[in-house]
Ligand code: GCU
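Only one chain comes next, encoded as structure tokens, the form predicted alone.
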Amino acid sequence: MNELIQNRNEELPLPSPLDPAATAAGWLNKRRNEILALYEKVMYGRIPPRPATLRFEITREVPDALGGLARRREVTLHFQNGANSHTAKALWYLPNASKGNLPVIVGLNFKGNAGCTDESDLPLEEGEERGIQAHRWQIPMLMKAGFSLITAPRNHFFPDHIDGRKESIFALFHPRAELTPESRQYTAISAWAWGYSRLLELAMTDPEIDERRIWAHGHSRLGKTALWCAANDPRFAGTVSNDSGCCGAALCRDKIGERIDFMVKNLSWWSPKRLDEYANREEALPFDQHWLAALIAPRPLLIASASEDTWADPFNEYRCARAVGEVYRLFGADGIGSAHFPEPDQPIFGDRVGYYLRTGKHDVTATDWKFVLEFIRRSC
């Protein structure tokens, strides 16, 4: 861990997101909207509107999934906007042992719905490998804890490659001929964020769900997405951003590992062209990522890192979690205060803000979920 913190300053000078005469009301009614607009222009692009028509079709329900632990629903989401249509498929688990007022975790996945579970009766789609990332979801653990879970493949909303726009949800709103690699105002991260909000709306169709406890969870590029989504959608109760790194929860200034230059050259479909101006010029940004994290306030925020994930830069994720307290204090919450960078597996659960450094690599594990569930219980 020494290489993460060697010659690095916990008190890194950062631009403040606050106006000189900042108040909680001023933040909510004015300043946060100004910051949202700035991030939209520079880093993430605009999240599309809700489609004219949205319909949820439960194509199959299994009442005794996971050996009786859960009900499993396979759901097709139908989107219609004028003559344009699009579909996505979601996987929804509800615990059998808990009834009513259920909290929900909403998150997109990387390897398809069948990749999230070892259950042999879930149909495989082309290219999916059953259970390949089941460890990242720990669905039995969530069911035993009384949580519901909804997930869907990120590629159902924007295929994660340079030509993905044509098959993305942006085709609901724009002619496909306009959706070229040069149309960088239409970004994958904003399309995925749009998907999070549609999954939230799916959750809200069940009276057993507690609409006040729907949480956005994301790992890596989807950790960036969870922050951006919850910043724009106040219906989310809180946010968990896991190993989100550059343009996620890690500060851009004094960043090690992945930086803006790498992202705009290799992953250009994630960001608007405006971000190119700050490649190798992070100190010129008019903001830093604690501004993004502050857009979650006053709702709970958990930032998670992994000790071997130098590409994401855990120390800068920690510095973000610490710096965001400036805004949370407007609402009477101290965040993580002046807590120092922790040892691995020693979480800091502060006042509405948490941070931890898990032992291991860039991943989501049972240890992560143990900390996540504890933080949510403390926050609800």
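Source: prediction; values computed, not measured. In case it trips you up, residue 1 is the first one in the sequence shown, and so on.
Just so it is clear, the following notes concern the form predicted in complex with the named molecule, a form of the same protein that is not shown.
Taking a 4.5 Å heavy atom cutoff to the named molecule in the predicted bound form, the contact residue among 311, 341, 349, 39 is 311. Think of it this way: in the predicted bound form, the named molecule has a heavy atom of just one of 190, 168, 244, 289 within 4.5 Å, and the residue is 244. At the 4.5 Å threshold, heavy atoms of residue 224 reach the named molecule in the predicted bound form.
Residue contact check for residue 370: none of its heavy atoms lie within 4.5 Å of the named molecule in the predicted bound form. For residue 268, no non-hydrogen atom is located within 4.5 Å of the named molecule in the predicted bound form, even though that partner is not displayed. The named molecule is not drawn, but in the predicted bound form it has a heavy atom within 4.5 Å of residue 110. Shown here without its partner, the chain carries 201, 205 and 236, none of which come within 4.5 Å of the named molecule in the predicted bound form through any heavy atom. Just one listed stretch, out of 216-224, 139-147, 78-86, 299-307, contacts the named molecule in the predicted bound form at the 4.5 Å heavy atom level, and that stretch is 216-224.
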